[in-house]
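The chain below stands alone and is given as structure tokens, in the form predicted on its own.
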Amino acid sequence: MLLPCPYCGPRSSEEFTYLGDASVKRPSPKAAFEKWHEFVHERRNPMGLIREFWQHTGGCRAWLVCERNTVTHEVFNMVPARSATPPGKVKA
């Protein structure tokens, strides 16, 4: 699978490290134990379009957000994590 690093161009997925679901919203520090338990231990494993954190560990070392289809591995977008839309927000 090729991933399009915004800084280095298309690279093999072997140069990247998967860092988890980028659509999960972190609970507030004062949230109940159950909310933190869900955040840390209970993850969905959806089929289809998802947002994921990746780090280009074999290249520029940038943290990136990738939008891809988990069934076909088609990549739709890959942007620096700092410029990605946070979960639950809509870009204006």
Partner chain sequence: MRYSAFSLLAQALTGNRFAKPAWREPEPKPHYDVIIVGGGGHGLASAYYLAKEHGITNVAVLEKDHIGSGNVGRNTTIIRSNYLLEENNPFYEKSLQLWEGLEQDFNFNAMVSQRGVLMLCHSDGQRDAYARRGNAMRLHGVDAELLDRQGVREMVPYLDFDNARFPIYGGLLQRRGGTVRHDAVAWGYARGADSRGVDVIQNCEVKGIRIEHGIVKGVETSRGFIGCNKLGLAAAGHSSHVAKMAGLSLPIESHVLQAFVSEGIKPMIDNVVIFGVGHFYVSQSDKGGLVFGGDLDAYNSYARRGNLPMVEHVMEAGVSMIPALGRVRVLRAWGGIMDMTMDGSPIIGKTHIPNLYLNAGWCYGGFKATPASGFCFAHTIARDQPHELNAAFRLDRFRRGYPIDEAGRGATPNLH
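Positions refer to the first chain, counted from 1. Please read these numbers as outputs of a predicted model, since none were measured by experiment.
The same protein also has a form predicted together with its partner chain, omitted here; what follows describes it.
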Does any part of Phe76 reach within 4.5 Å of its partner chain in the predicted complex? Heavy atoms only, please. no
Any non-hydrogen atom of Arg26 within 4.5 angstroms of its partner chain in the predicted complex: no
Looking in the predicted complex, any heavy atom of Pro46 within 4.5 Å of its partner chain? yes
Whether Thr70 contacts its partner chain in the predicted complex should be assessed with a 4.5 Å heavy atom distance threshold; does it? yes
When its partner chain is considered in the predicted complex, the residues of 19 to 51 having a heavy atom within 4.5 Å of it are Phe33, Glu34, His37, Val40, His41, Glu42, Arg43, Arg44, Asn45, Pro46, Met47, Ile50
